[in-house]
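Coming up is one lone chain in structure tokens, specifically the form predicted alone.
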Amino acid sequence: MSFQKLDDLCRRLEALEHALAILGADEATHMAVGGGDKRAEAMAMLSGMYHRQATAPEIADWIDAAGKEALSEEQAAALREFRRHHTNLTCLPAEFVERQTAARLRCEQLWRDLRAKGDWTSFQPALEGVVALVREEAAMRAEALGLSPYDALMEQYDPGNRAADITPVFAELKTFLKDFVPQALDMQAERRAKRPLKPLSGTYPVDRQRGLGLAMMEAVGFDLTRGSLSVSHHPFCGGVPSDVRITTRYRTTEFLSALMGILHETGHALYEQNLPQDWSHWPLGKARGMAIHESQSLFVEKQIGRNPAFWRWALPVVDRHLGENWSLDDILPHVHQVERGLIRVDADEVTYPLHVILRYELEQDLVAGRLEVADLPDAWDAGMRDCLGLSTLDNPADGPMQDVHWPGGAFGYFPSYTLGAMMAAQQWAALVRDHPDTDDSIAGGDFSTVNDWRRTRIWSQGSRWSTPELMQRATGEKLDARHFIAHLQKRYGS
């Protein structure tokens, strides 16, 4: 049977995916600097092996033949998603995948070294090489999929996303936020005038912060027998569902940035750990795109982790690990702090979308050739001035060098962050509608209702539905930014 041949193929591909994922996580966390060239060579070779097996000529015949077999509803869904996945894979020749993988890895390795030095001049040629390959990829995908080059790139991260749909939504949100950020800052100043901000103690050993992070991960549902916590230059969630690798970065002068990073990545990990295991080797059993993935991470970080109800439970846990015997009124001004800043991963939930919208605008111009890498620092500075009134001129480390995405060739990914924030707010609204006592459960340290709701509505569905259909089924309505705007107004407005 052809479906059985596809099933066998998927198991072989899953093994290669596993090897690449673990090698990638190790490269970012434990690999010695001298191992970079050989690691890039090995991963490029494995990527080429994966691509050649996944795009073998006979697979198209197997797909057609399997479509004529008597399949169950689940098998038919698996075949549909496999066909979509195969079409995207066959856009690119294996030699290009190997060349691009090597360029991305070497650029990432340079980025780790040169970002710390703020050395844009040395970094620029490597990024130019990546961007050239991204443009080449976009052209090939656009021709095969019948999409614009940028839409063809977004399709790889979140199927169904189109710039024509996203741009007006982001434009509306950008207009709202440029007005709302000053309002939120004024409200914060008024509150602090009445109750001055209690400073953090400023002494937080890494081992104690790590202990706190692990306790929080386990409490909100992370399975520590199928995952771990490490340190990296840039927080991420990698590995595979049976061995999820979470990373964060620590500052001993404060603990919230590392903790919130851990909660964010734990949201990603919960999704991975709860995907349908029976279909883990098929595209059907994978996560449904990065916007949905970001909605799961931001749900944990923002909707739960910055919820006052969460901190009613969390404060004693923080005290046990860090010795901070604080009240809710002491901690919430830190948790809900709004501040114009240069760094996206450290941004609060009010200003964060502006960081994403800036990158969304710039990377469209880079892919289209309207902007060259050499001009990126000036364009970034102009965008930051417009969005947040801040300058990054002569500060590339906190400007276009701050993220790992572009060195890694991930163009079309950034919109998912803010789309995910909107989805998370909408999912929270639907959850509370179904379970009005959710805050009380969280305040008691009980996350089972929250996780059961998300497991049923999101996690267990894998890639069975398109992103819009999944959101419709999960929340009862299409994606609507009003839930996110209402969330920000309630938490940070008057």
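Quick caveat, the model's predicted, so the values are computed rather than measured. When you see a residue number, it is the position in the sequence shown, counting from 1.
There is also a form predicted together with a further copy of the same chain; it is not shown, and the following applies to it.
Colleague: Please state whether all three residues Ala15, Arg39 and Arg226 have a non-hydrogen atom within 4.5 angstroms of a further copy of the same chain in the predicted complex.
Modeller: All three within 4.5 Å in the predicted complex.
Colleague: Sort through 423-431, 66-74, 443-451, 22-30 and report the only stretch with a non-hydrogen atom within 4.5 Å of a further copy of the same chain in the predicted complex.
Modeller: Careful reading of the contacts points to 22-30.
Colleague: Taking a further copy of the same chain in the predicted complex as the reference, which of Ser280, Ser391, Asn274, Ser148 has a non-hydrogen atom within 4.5 Å?
Modeller: Flagged contact: Ser280.
Colleague: Quick check on this chain: which one of Ser242, Gln188, Gln124, Asn395 has a heavy atom within 4.5 Å of a further copy of the same chain in the predicted complex?
Modeller: After the contact test, the surviving option is Ser242.
Colleague: I'd like to know if Gly35 sits close to a further copy of the same chain in the predicted complex, meaning any non-hydrogen atom pair within 4.5 angstroms.
Modeller: Yes - in the predicted complex, heavy atoms of Gly35 and a further copy of the same chain come within 4.5 Å of each other.
Colleague: Is Met45 close to a further copy of the same chain in the predicted complex, meaning a heavy atom pair under 4.5 Å apart or at it?
Modeller: Yes - in the predicted complex, heavy atoms of Met45 and a further copy of the same chain come within 4.5 Å of each other.
Colleague: Is Met49 part of the interface with a further copy of the same chain in the predicted complex - any heavy atom within 4.5 Å?
Modeller: So Met49 counts as contacting a further copy of the same chain.
Colleague: Report yes if any heavy atom of Arg11 sits within 4.5 Å of a heavy atom of a further copy of the same chain in the predicted complex; otherwise report no.
Modeller: Arg11: contacts a further copy of the same chain in the predicted complex.
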